[in-house]
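Shown next as structure tokens: one chain only, the form predicted on its own.
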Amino acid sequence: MQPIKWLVEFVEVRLGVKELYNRELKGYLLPRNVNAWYTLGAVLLALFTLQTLTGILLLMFYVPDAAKAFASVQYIVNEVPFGWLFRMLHAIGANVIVIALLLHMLSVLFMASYKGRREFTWLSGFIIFNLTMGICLTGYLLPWSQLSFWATTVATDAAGAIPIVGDYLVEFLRGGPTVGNQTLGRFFALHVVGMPLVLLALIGAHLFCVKRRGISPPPFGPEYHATEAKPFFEHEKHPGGVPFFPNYFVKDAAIICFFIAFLLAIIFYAPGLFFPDSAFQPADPFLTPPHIKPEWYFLWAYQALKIFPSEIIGLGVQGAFMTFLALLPFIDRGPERRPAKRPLFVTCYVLGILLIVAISIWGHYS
């Protein structure tokens, strides 16, 4: 134990880590009634880290060329030791990240945690959500399978419905008139370097906003009471709360382990859940597979375009909906956060979820 003690003292004298530990971990207090929904931020950090590590491992063998991409993925899966595991962790992990993101945003909406001068926290999180969708879209093309090729063709076609700039936008996304090698190179650069760098900066900004403003307490229990936001900055403290470490850290770790177990359960027991047959066939630009559809998290948007008589109307409705969500903290400015005291909001919340789920199911079976 002496070498360990010496090392701790060596670092302590130079960096003062004990003071940081006492202030930022043990001394950082959370509301006593904080619940498991608050762990989803830590879950997402863990999953994003896993995506980065598995992505780096895949980059060692992946070839971003239309003539070699599919074969390189097959080589990773069939020849590289544990390559199949890293590939599945990365591909299915993207779906689990979307699930965790949706749960995180839905919990924030239900508990109105965007209130209390937390507009920047919400906006940074909302942009992270949309950027993650973009990273998933760009990564979807990289295996260069029938599914990825034609799903990307359908997704980029949607941009053509935008008046005036639609055709130019489609050509910009694809790097040419059709999805081809130039599209793969463009998406590869965005997926591996461009978007992750922006995402890293946004995650840093989001964590800064959360830490700087303070954790909003759950709007439940007799001790909660609605308070008006003050006209000046004030960090929301929780005297008498529970320390983040080790008390809440244990709960964070438990929920992270649950999501990792959920991810592994899909990989080992239901690997075909997110992989139809067309995902294992090389891309063929001259053979369109029947009933091609985007990933499940884009199904609602895909079906919405088909519901309306014009794609531009469908895009306009989606744009209005997403703009409303982005600006919600500026619109819903009342101090009340308890769901029982906000029946109109909760009704719209539940109906909105049911509507999106129903449209997604419709899109899957249409």
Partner chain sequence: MTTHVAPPQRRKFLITMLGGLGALIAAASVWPVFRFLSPVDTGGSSNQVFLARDVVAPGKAHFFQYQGKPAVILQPTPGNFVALSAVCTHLGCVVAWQEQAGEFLCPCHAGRFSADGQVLGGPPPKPLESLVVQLDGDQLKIG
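What you see is a predicted model, and the numbers here were worked out from it, not measured in a lab. Numbering follows the first chain given and starts at 1.
The next section is about a form of this same protein that is not shown, the form predicted together with its partner chain.
Contact between Y168 and its partner chain in the model of the complex is not found at the 4.5 Å heavy atom cutoff.
Its partner chain in the model of the complex comes within 4.5 Å of no heavy atom belonging to F110. The closest non-hydrogen atom of F244 lies beyond 4.5 Å of its partner chain in the model of the complex. Heavy atoms of F86 reach within 4.5 Å of its partner chain in the model of the complex, making it an interface residue. For the options V34, L315, L325, L57, the residue carrying a heavy atom within 4.5 angstroms of its partner chain in the model of the complex is L57. Listed residues Y224, F208, Y75, F172 were compared with its partner chain in the model of the complex; Y75 is the one with a heavy atom within 4.5 Å. Just one listed stretch, out of 214 to 222, 144 to 152, 190 to 198, 77 to 85, contacts its partner chain in the model of the complex at the 4.5 Å heavy atom level, and that stretch is 77 to 85.
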